[in-house]
Ligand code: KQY
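Shown here is one chain on its own, the form predicted on its own, set out as structure tokens.
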Amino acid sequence: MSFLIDSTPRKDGFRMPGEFETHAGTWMLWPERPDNWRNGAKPAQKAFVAVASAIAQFEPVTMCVSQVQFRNARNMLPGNVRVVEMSNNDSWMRDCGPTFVVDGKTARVVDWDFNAWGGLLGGLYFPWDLDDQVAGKVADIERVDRYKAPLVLEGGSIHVDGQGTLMTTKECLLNENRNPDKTQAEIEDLLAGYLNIKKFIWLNHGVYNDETNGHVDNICCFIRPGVVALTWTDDKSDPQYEISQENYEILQSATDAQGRKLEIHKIHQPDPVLIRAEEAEGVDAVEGTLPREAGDRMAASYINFYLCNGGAVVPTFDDPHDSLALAELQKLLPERKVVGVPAREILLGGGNIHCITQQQPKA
């Protein structure tokens, strides 16, 4: 079982490791809701199987699945992927799932409040009560103790370097639909206590048209301590250009918790990816859920990749920039095997590979 600890990770000597550090495994959630995933989520399920299979080359994967979909998922997934039954509202393990912290001997879980990216002020679905229980259930399954943090936060809204630095966006963490009663300084204090952070890098905005209110994991990430990758475009007429340019300037003037200047690598985005008519028509129209409409631009980015033990699983979009992004990332990650996975079906649901995965670091 999992015990709820009345303390903070920093007080107890725990920290959140960087994603590039060694994992015990990866957690995912199975897609099924027809008001977000087209055609009864069948195309998305195939994409999730491809992602899970790619990660399972490198480390253990656990897929959490509702009772209704359990047998289907077990049949579709390879035998080396563990499947466990878990009720949920949707399949974004990065955002509703736990954040693991370690002290060199043991792992524990930080359980944030989850409100479906904005609650009743622009949230993406209602209800979200089952998703808010996911982190505690994962802690129980793994028999690790848990901290309950008094903060609305999604895992995709933060990146850490494991050495005391956290990177996020003001667009998301300071949005009135997350923690309207807290100042930036109060949010920093909570993140410092629950993740053992000493230095904050605040970008202003995330990727253009990102329905998560600008999650950092779609625009910029740590590849290793002191080194970041930033989504980029050379097209000055694209709304993304000014966003990336502004973030580049912030990163250039920033230092991390160790006092290092950052090494910044630009990864050119795919051409704008728009929802096709047949894709929009395949989604059930339900009140209270974000509509998927033909012609809408999606927040496509290669930065939404996932680092696992010896690997990097990167979204591709059948775009001319795919091969360049994969080659650039392989050059930046010589110690890893870079694997591209077609991810348009995941993007149609509102996120990508990083959004549907959550690492469990090795204790």
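Sequential numbering from 1, following the sequence displayed. All figures in this text were calculated on a predicted structure; none of them were measured in a lab.
The form predicted together with this ligand is left out here; the points below concern that form.
- Interface residue among Asp284, Glu263, Glu242, Glu211 relative to this ligand in the model of the complex, by the heavy atom within 4.5 Å criterion: Glu211.
- Proximity to this ligand in the model of the complex, defined as a heavy atom within 4.5 Å, holds among Arg146, His205, Arg292, His159 only for Arg292.
- Although the partner is absent from the chain shown here, Asn36, Gly350 and Cys355 each have a heavy atom within 4.5 Å of this ligand in the model of the complex.
- For this ligand in the model of the complex, the listed stretch (70-78, 164-172, 184-192, 117-125) containing residues with heavy atoms inside 4.5 Å is 117-125.
- In the model of the complex, this ligand sits beyond 4.5 Å of every heavy atom of Phe100.
- None of the heavy atoms of Trp112 is located within 4.5 Å of this ligand in the model of the complex.
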